[in-house]
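Listed next as structure tokens is one chain, alone, in the form predicted on its own.
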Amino acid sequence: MSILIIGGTGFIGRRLVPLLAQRGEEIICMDINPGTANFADLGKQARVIRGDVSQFDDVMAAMVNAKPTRVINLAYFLGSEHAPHVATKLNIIGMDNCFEASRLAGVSRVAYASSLAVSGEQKFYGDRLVTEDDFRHGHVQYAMHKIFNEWQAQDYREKHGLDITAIRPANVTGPDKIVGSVDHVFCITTPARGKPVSFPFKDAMRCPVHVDEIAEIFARVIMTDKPKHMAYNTGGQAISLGDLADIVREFLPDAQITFEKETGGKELSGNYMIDNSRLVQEFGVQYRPYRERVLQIINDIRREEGLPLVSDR
């Protein structure tokens, strides 16, 4: 089986490509920045080509040359600060280019990254888990684009029979994440480098999930012939930045993590109570304890910086 991954040299793609190669798949990555990942150790199983998902001709050429049986789109602007025209070109036109080129090339299985952002803040749902069937309250640029992607995918399913699956990652975390939702990442990585870090609200809530687990989810979903649903929440670990700081201090007692205010961030937080039972039951997904992931990230950074590794005390 051949799989085309658009945006395949990015944060998630760098983990996903080796996972699929281990399963014996042939992977073709199309990315506007092909040099940001090195898959040389995978030999002929992974090939990287340069292409811009916002240009339909690039996407169609990749489809024709790769002749994939399945497609994953990970190319997107993280955050909502981008100029409207530029963001729409990548996030909306780029995603539609992926769907339309897949249709024309006869690719029936497509998966793409949506986001927990489609749900908006937790305050819209009260003190309960948010499901995939709940109304989507997202209202910022990033969220609205993801909501439109989900609608467009449904339109392609209904009119053309494409099997398109949305995966809604929560707050993806990993040592090399530097854009998008990053306070929960910097709460770990900055102290791991021995530097101080400060945040506005101690009670701000997040739902982190490690990037390795997101890559495994994409691998399982795209390898499935007929997923039962159009969208899957990944969920993660609901935690406040204050509690996350306490975990970091267990490993790094001298960590300088401060907060401007004790309260006020919870009501501003995106949804963090997330029902991922659909994903767990259908695909058997299991996450490592989040505390282990925090230690993993700390040591990833310290290894990179040439600092002594820390152990679980």
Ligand SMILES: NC(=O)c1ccc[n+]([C@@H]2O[C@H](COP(=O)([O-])OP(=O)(O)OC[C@H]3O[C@@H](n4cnc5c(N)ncnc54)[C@H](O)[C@@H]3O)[C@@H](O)[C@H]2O)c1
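All residue numbers refer to positions in the sequence shown, first residue = 1. Quick caveat: nothing in here was measured; it's all calculated off a predicted structure.
The form predicted in complex with this ligand exists for this protein as well; it is not shown, and the discussion that follows is about that form.
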Is this ligand in the predicted complex close enough to Asp52, Ala75 and Ser115 that every residue in that trio has a heavy atom within 4.5 angstroms of it? yes
Please identify, from 139-147, 158-166, 238-246, 188-196, the stretch that has a heavy atom within 4.5 Å of this ligand in the predicted complex. 139-147
Name the residue from Asn38, Asn33, Gln286, Gln281 that puts a heavy atom within 4.5 Å of this ligand in the predicted complex. Asn33
Within 4.5 Å, heavy atoms only, which of Val172, Ala153, Met205, Val110 is in contact with this ligand in the predicted complex? Val172
Ala105 near this ligand in the predicted complex, any heavy atom under 4.5 Å? no
Does Pro18 reach this ligand in the predicted complex if we count a contact as any heavy atom within 4.5 Å? no
Is Thr9 one of the residues lying within 4.5 Å of this ligand in the predicted complex, judged by heavy atom distances? yes
Counting only non-hydrogen atoms and a 4.5 angstroms cut-off, does Ala83 reach this ligand in the predicted complex? no
